[in-house]
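Quick setup: one chain, the form predicted alone, written in structure tokens, and binding and motion questions come after.
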């Protein structure tokens, strides 16, 4: 199977090379038969016009699966002031209708949470972020008038809310429930007390919930949810929310399980998927060989699972976890490993399985 590989900005090529090394091992030793088709797409290629957004989206449509490294350079911005690389990130999500952003929040073995009273196994939930609507849908249609007025409009539709709620409930059905009580539940996070668009989101979510009597439906305002995620993460199972809230809250959640270097994600529809680390391109440490490759490697594992290669997905995840359990860690986790050396330990675990 051909997979589109986007090398990205900053530390992107470094962590992607780690993932490609793992793919080589899987192909050579486990008959994975995955062919990475590499694209040197980043902020600079947009500036140089080597790639246009339309051309990138058209190329991506040739593939069922995309494996993407972080994109973004704060110094390269559009005329309106936004990061130019976000045109690619959001363009792929919107252009391919990858409407479900799935972000596991899981405290891995040997990783110490800033929430010191929670240990491995006590934080294990998933944030399901609506990926095609919400406030971020204004990225390509916002208005700036006479350098005096800026308008971004939040878009919430029945179809968009129904399908993201269904993804969340189906995911809850497949899980073991919240760590604290084993209850399968979906928490809808919104600001329906303030905005009519969110009241509509909650209404449609409630309609979908009636079709899943075996899963509890819960509700919480976004500001209260931010506090709850710190105080009671063990009571969470699946969260579903709008695009921007999902972005903000998932970064907060990542901090509770060791940081963005461990945060991985999938952007999927029923037809296609794009898998990527949640973290940014970290331009300041690019080229130093100290970037944490875990999020990239676990994004690869998610990709394999989505492709129904669950045995290979578990092999990769297990090899990463074993490396962490053996005391290997990059500087962001307080360790001394380089990107390369950590990857080699993961490969050693794969080969010795």
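In this text the structure is predicted, and so the values were computed from the model without any measurement. Numbering follows the first chain given and starts at 1.
If you look for the form predicted together with ligand IPM, you will not find it shown, but the lines that follow are about it.
J.: Decide whether residue 90 counts as a contact residue for ligand IPM in the predicted complex under a heavy atom distance cut-off of 4.5 Å.
T.: Output for residue 90 is yes: heavy atoms within 4.5 Å of ligand IPM.
J.: Taking ligand IPM as it sits in the predicted complex, is residue 136 near enough to touch it, meaning that at least one heavy atom pair lies within 4.5 angstroms?
T.: Yes - in the predicted complex, heavy atoms of residue 136 and ligand IPM come within 4.5 Å of each other.
J.: Consider residue 86 of the chain shown here, and say whether it contacts ligand IPM in the predicted complex, taking contact as heavy atoms within 4.5 Å.
T.: Answer yes; at least one heavy atom of residue 86 falls within 4.5 Å of ligand IPM in the predicted complex.
J.: Under a 4.5 Å heavy atom criterion, is residue 166 part of the interface with ligand IPM in the predicted complex?
T.: So residue 166 does not count as contacting ligand IPM.
J.: Name the stretch, out of 111 to 119, 128 to 136, 170 to 178, 197 to 205, where some heavy atom lies within 4.5 Å of ligand IPM in the predicted complex.
T.: Among the candidates, contact is made by 128 to 136.
J.: Could you check which residue among 107, 236, 215, 278 gets a heavy atom within 4.5 Å of ligand IPM in the predicted complex?
T.: For this set of options, the contacting one is 278.
J.: So which residues in 228 to 259, when you check ligand IPM in the predicted complex, have a heavy atom no farther than 4.5 Å from it?
T.: Going through 228 to 259 in order - heavy atoms within 4.5 Å of ligand IPM in the predicted complex - there is one hit, 247.
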